[in-house]
Structures are given as C-alpha cells and as structure tokens.
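Below, in structure tokens: the form predicted alone, a single chain.
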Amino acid sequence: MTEPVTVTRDGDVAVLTLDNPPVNAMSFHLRAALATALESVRNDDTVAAVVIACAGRTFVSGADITEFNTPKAIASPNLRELIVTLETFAKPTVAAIHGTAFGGGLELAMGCHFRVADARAQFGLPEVKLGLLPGAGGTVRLPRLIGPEKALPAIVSGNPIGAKAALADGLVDAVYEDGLVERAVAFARESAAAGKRLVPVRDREDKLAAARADLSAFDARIAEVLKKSKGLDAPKRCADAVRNALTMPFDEALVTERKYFVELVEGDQSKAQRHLFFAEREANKVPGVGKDDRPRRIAKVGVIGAGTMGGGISMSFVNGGIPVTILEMTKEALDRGMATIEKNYAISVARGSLTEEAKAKRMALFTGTTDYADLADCDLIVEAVFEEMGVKKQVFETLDRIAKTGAILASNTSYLDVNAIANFTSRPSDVLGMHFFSPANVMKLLEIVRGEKTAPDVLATAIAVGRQIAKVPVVVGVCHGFVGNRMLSARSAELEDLLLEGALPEQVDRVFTDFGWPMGPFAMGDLAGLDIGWRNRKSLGRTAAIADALCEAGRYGQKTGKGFYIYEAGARTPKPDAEVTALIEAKSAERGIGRRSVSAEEITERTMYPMVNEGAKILEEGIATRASDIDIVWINGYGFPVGKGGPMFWAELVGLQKIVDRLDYWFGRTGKDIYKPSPLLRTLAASGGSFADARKAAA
C-alpha cells in the first residue's frame, strides 16, 4: 500500500502528492491524509508556498462514489473543510493538474489560490450525470472564475472543458506542455516572492457583475440551457445554484448548494442515475470472458450495405478512427449511400460540431466497392442487409469463402437466430451479432449477441471496438428479438387493444411523455414509418386492425404527412386527426367492443408492466446476465427515461408485488400470456427480494 499523501520539498516549496489508485478518488482515507499534510506545511515557517499534485495517470477524478450514503461520505475532514483550509492559507497554494480534474477534484483545485495544468488536462463538474450537483462549492466558485454565463452550461451539462479553453476563460493560470510539477513549483515560488495579496476564489466578484446587472437575461439563458433536461431534477437544481451565486452572499449560496445536494442524493432520480453509472461498468464483465481473452486487432472494417443502417454503422467506425470498406450490390446504391454519408457530415459541419478538415479526414477513411473480394483484408465484417434469413444465408456463405482467417463476422440482425446464421459458415466461433440501433451513428447502444459457439476473444473484441467507437456495449444471448426488441414487443402488445377499448393515440402518447419518454409509441411509429411494420406483419401473416387500415389508406406517418397523426405543411409536430378518431371508433364497433374511459394508470399497467415481466423471463432464461444489463439496453437504445434508471430498476421502485398483483388482475381480465407473471418475478415479489438477489442466486 502506498501512502495516500506524501510531502516532499523543493527548496522552500512543499509538494503534496496525492496517491489513491486508480483515479485518486477523494475517499475518506485520502481526505484524512491530506488534512494532516496541509496542517503540517501550514505551520512550517520554512515553507513559502505549497503545490498539490497527484501521482498516477490523473489528478483527483472526483468523489469516491462508493461512499455515497455512508458515514464516510460526510465524516470529517470532508472536502468542504479541506477547501476552507486551503482558502485560508497565508502562503500561495497551487494545484498542478494533469489528466482530469472532475467533480470534487476540480472543487479541491478551486480551493487553491492558483491552478496550473498540463496541456492535455480536462476539467469539469459532471455530478449532474449522476443526478446530483457539485456539493463542495463548485456552483459558487466556478462562476467566479469563468463567469456565470460559461459556468451555467458547463455545470448543467457536466461536459468537460479542455486546457486551452480553461486558460482562456480563467479557470487555470498557466498551461504547460511538459514538466508540470517542476513548472508548478517555479510558479508557486514566483508567487510567494511577488508578495501580492492572495485572493481566494470565494472573494472574486468581478466576473459576476454583468449577469447581476441583467438577471432577466441570465434567466432567459437558464431556460435555454434547460431545454434538453426535461423531467430531470438535477439540471434544474444546478441552474438554481449558479443563479444563487449571483443573488446570495457566498456563504448563503454555499449552504443552499449543500441543501440541494442532500435533497438530490436522497432522491430516486440520483439513485437511478448512480445505478446506471455502475451498471454500464458491470456490463463489460461477461461470464466466460477472462483477462486472458485479449481482443483481436481491428485495423479495418467491412460493412455490407450502404442503406440507412449500413451507412450509419460505417460512420460509427470511421468516427472512431477505423477505416471502412462499404459493399453494395450496385454502383447506384453505393453512390447513393456515400452521398448520404457525406450529407450527414455536411450537416455536422453546418452545425459547428465538425470542421471541414475533420470531415475530409473521415471521408478519406471510406472505400466503396461492389466486389466481395475487396473485403478479404478486413478484420471485422458487419452485415447490414435485409432482415430475411435467406438473404443472410447468402451473405454469410459468401463471407465464409472470402474473409481471411481470424476475421470476425457479425450480423446486424434485430431478431433472427444468430446460431443459425453462424452455422452458414465453417467458423461459427468467429460469428456473433452486433445489433446497432437507428440512427446507428447517433444511438449509443450496441447489443452484442453471443452465439452458442462464439469464442470468448471474439466477444472481448466486440466489446473493445464498441467502446472505441463510443457505443455502450451489452452482451446478450440468442432469442427472438434478443433483449430490447423482445421487451418492446411485450410493451407494444396491448397498444391496439387500448385504442379499440377507448383510448386515443394522443392520450396513450401523453402518458408516455409524462412518464419521461422522448415520444409516445404512436408518434414514434409515424416517425419510423408505419409501412415498415405493415410489411413485417404481412410477411408473418399477422394483422393489426387500426395500423393496417391506416397503411391501406396511404397513411404511412411523417413521410406522407399522415399516420396516427396529421402533419401540417411538412411539419414534424403531430396533431390529432378526427379521421383517425373516426377510424378507431369504427373498428371498435366492427368488433362489438363498447368503448370506455381508459385511465393513465391502466395505460401504464398494460404497457410497462408486461415489459418488466418479459425482462424477468429474459433473466430466467439467461439471455441477459444482469437486470442492470437490461436497464442499460433500454436507456441507451430505446429512450427509457434516465431519471427512472431503466425498466428493471424502476420496477423495484414501483414494487414487485404491486406489479405482480396487477399482472394477475389483467391476466384474469384478458387471459393473455403477456400478463402471466414469470416464476422469477412472482418469487422475488413474495420474498421481498430484488433482481440483484436473482443474479446472486444464479451465480
């Protein structure tokens, strides 16, 4: 074990080096050691200045999240007390920052008189991503350093600030290319020699003046910044706290910030977001994949299909710096696909999120072809063709002939049997599913489907490359629809019947958006195109009375200006349509169904509860390793509200016994299997257990 804090001397400058692997989290034992070290140098007359630095790959990365809701989180010395100690030093204190100074790390640094940084360092207050706000003065000190206009979006978004911007904005006082600690020592010595009055950040007011003079303009800025945070408590509280920095005395704003922090940390939203934080990391732990299963080298990727999915998948790899060869069957289809890719990048340039130079570099990583032979040198080949097993068979038999030994062959199938696809080749151990979500260059989820014979190092490779291209990978097993689409089918099963029995599309969608979904299922259907589901139903010999009738009338959704809703003059805003209401009422009458009032609670029970029940079945069958994996799928692939933590976490907040009781009720009313509680769900409800208990029992 290393010492958490060591004190060394460079002449009259004391260097305090924090060392708490792996990321120098501000845990209790580190805080205690730092407090002792600070006290020792404070009282040492031979010390003219102090530098705080960190060992390892980063500065303090933030609080120790594992201590949340434990006595250690608030035990003295806490971070707030350490910052007060730093602010009252009579000798210069300098934070020497490399790697990341996030959360409590940045708050600690802002307690120093000065901050210097490595040119590659990053800074941020990302607590909002855990449903929190900075709890040790971040919301009242950052505005004093960079101004409230810049501090507001930084704190509400939680996004990092680079060293160059930090220097320009006044967050740091100097940036160095190399020799950080040595240069920090020189900076500290010069500051001590200058003999200037030391002004702690808390006493700096000049950058607050403009916003204080026009609070109405600042309030308008708050409203703009919060537009993307509908339904979440933490962003609103972050904005409130930054505003308090303008309107309250420093100490009062500090006390109020802490009050907000305590409210948030005890609330369900923060619990949900902290659950997701750990769940995303747990998802990388795959049974049967060990440390010795090293990922294969992926230097070049092939993608079959340049349509909407193939093009988006190709962009994802290129965005991660991996060259891609795209295969299409005709030159016309290939040119069309490449033109769409270039158009998508041009939109990013127009929005300012990409430079022309970056666009040109990305486009240079694409190679188009109509010849399978050009995929022979690819390390990974992803098929994104029509969702029909006969088509997949042709593709994978061809790939088996032309792909080099050791190449990974992946299907982007949404529903089909990956084991059957693997058996179309002579190398099933190299085959797996890599299910991207549309639009593939935007959506974060990557469902990695493990076949019966998929090799462990193939899974390790898919996880590694998924992370490289900024996806959130989750490994699942083989079944129809895997995790996400299988549960989506359960969620959607009763939508038509809800309409036939008395609900209207706008009512159902409002229940979903009130819950926190970005849009309801009927608006989503219009956006995706109702004709897609219509084609699929016809191929499977299935029907949907209302949706089929809409398609037969040429109402395919937004693309035709009419679907479940009407879209006036090409607008994307759905508006209820009297024609649809009349159609629904007519279909109810045809079936002899007496229409009645349908409550919001009933809509929730008949859509969300079957989804949870299907998730429990997925756990029983081992299709998902953990309930938290299911939550990650739904958060990142389907828009489940972040503040509710995913369907399985939310179910435990609702109460498993309540869900079982209502499933039993609806099963009695309808006799439909989607309402028949899974044995696992019923057992956990009866025992007062959780899905985590089920995981432990299985292990």
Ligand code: NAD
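Residue indices: 1-based, along the sequence shown. The shown structure was predicted, so the numbers you read here are calculated from the model rather than taken from an experiment.
This next part talks about the form predicted together with this ligand, which is not shown.
Residues within 4.5 angstroms of this ligand in the predicted complex, judged by any non-hydrogen atom, belong to 382-390 and to none of the other stretches in 113-121, 508-516, 382-390, 91-99.
Residue-level contacts in the predicted complex: of I155, A188, V612, L327, one residue has a heavy atom within 4.5 Å of this ligand, and it is L327. Think of it this way: in the predicted complex, this ligand has a heavy atom of just one of A544, A420, V289, A333 within 4.5 Å, and the residue is A333. Although the partner is absent here, F436 sits close enough that one of its heavy atoms falls within 4.5 Å of this ligand in the predicted complex. Among heavy atoms of P235, none comes within 4.5 Å of this ligand in the predicted complex. This ligand in the predicted complex comes within 4.5 Å of a heavy atom belonging to M309.
Shown alone here, G135 lies farther than 4.5 Å from this ligand in the predicted complex, counting heavy atoms only. Residues of 352-382 that come within 4.5 Å of this ligand in the predicted complex, judged by any heavy atom, reduce to Y372 alone.
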